[in-house]
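One chain is shown next in structure tokens, namely the form predicted alone.
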Amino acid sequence: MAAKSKNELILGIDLGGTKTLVGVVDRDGRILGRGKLSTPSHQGGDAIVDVIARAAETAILESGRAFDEVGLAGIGSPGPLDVEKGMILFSANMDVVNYPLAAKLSERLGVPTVLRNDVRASCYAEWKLGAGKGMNNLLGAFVGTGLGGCLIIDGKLHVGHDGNAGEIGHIKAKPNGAKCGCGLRGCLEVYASKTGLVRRFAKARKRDVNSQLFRVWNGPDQKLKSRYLAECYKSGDSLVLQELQRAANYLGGSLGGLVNLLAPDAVILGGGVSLALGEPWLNWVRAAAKEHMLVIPEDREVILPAALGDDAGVLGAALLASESVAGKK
């Protein structure tokens, strides 16, 4: 991983609807220090930039290096984006519209900043360093606050004509379904992500459904952490089990259809929800996918767990930023 010779470190930034992660990455792809803060997703772009800068300070401090050793920053952000202008056009899970994130961050951090899609960054890292290493055709699906995807086709990152290919969260899962944060109805994200789970749990709470979840989560005004879901799942909470199974069925069904369309070597399933719930969640998604797959390989699993955990977004953002700068030389 190349960077400026005198400023060899790269800040890799993973901006999510729930949390913001920043890592100090060296030229060998090692994360030397990390910073993590909650994302102020409903406070506007400037508040988000402030949180990123504070998380970067923590990461630099933990790394034992100096800020002037950083020569570049890469950020993975929910979209859709205008990557050439470094702008978030809008986001279903953050109150940001036409916000020049790359320029604002570059001004705040004092280094050139490259903006890319958050899931594309995570999937790219998994392709280069993780579960998809060595494969030529991959589909990535990352489940967190929202739901995003990524395509590797014939050994190349596929971005499409507008740079936003891979938005699997916004394919239609249910005709005339619930309204999504993007403004459309029936999007897969409404049914398979934490955003969708919040909607379902909020309805159950109004009906006074008994659930362990409501002892730690006070409703839509409080962020639903993936660890809450994991704790309730492990305890056998009936509401949480029911809704996680429902979400897995929607996600798996859609992934099965995409496998029929794309015939990838593998589907990499990652994100905060997948990481917290582990193999049981993965198996639910696999089972639902197989119900929709025309051909099921007998010698291998098609849907694989991501291998890099929370580091995927940080490493991918750093990788893509480095390669973007190198490509312009």
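Computed from a prediction, not measured in an experiment: that's the story for all the values here. Sequential numbering from 1, following the sequence displayed.
One more form of this protein should be noted, the form predicted in complex with a further copy of the same chain, which is absent from this view; the next part is about it.
Annotated contact segment (heavy atom within 4.5 Å of a further copy of the same chain in the predicted complex): 147-155, selected among 147-155, 222-230, 104-112, 208-216. The candidate spot formed by Lys133, Val267 and Pro280 lies out of contact with a further copy of the same chain in the predicted complex, as no residue has a heavy atom within 4.5 Å of it. Residue in contact with a further copy of the same chain in the predicted complex (any heavy atom within 4.5 Å), chosen from Glu291, Asp50, Glu301, Glu69: Glu291. Within this chain, Met94 is remote from the site of a further copy of the same chain in the predicted complex, having no heavy atom within 4.5 Å. None of the heavy atoms of Ile75 is located within 4.5 Å of a further copy of the same chain in the predicted complex. Of the heavy atoms in Cys187, some are within 4.5 Å of a further copy of the same chain in the predicted complex. Using a 4.5 angstroms limit between non-hydrogen atoms, Asn260 touches a further copy of the same chain in the predicted complex.
Contacts between 120-144 and a further copy of the same chain, taken as any heavy atom within 4.5 Å in the predicted complex, involve only Asn137.
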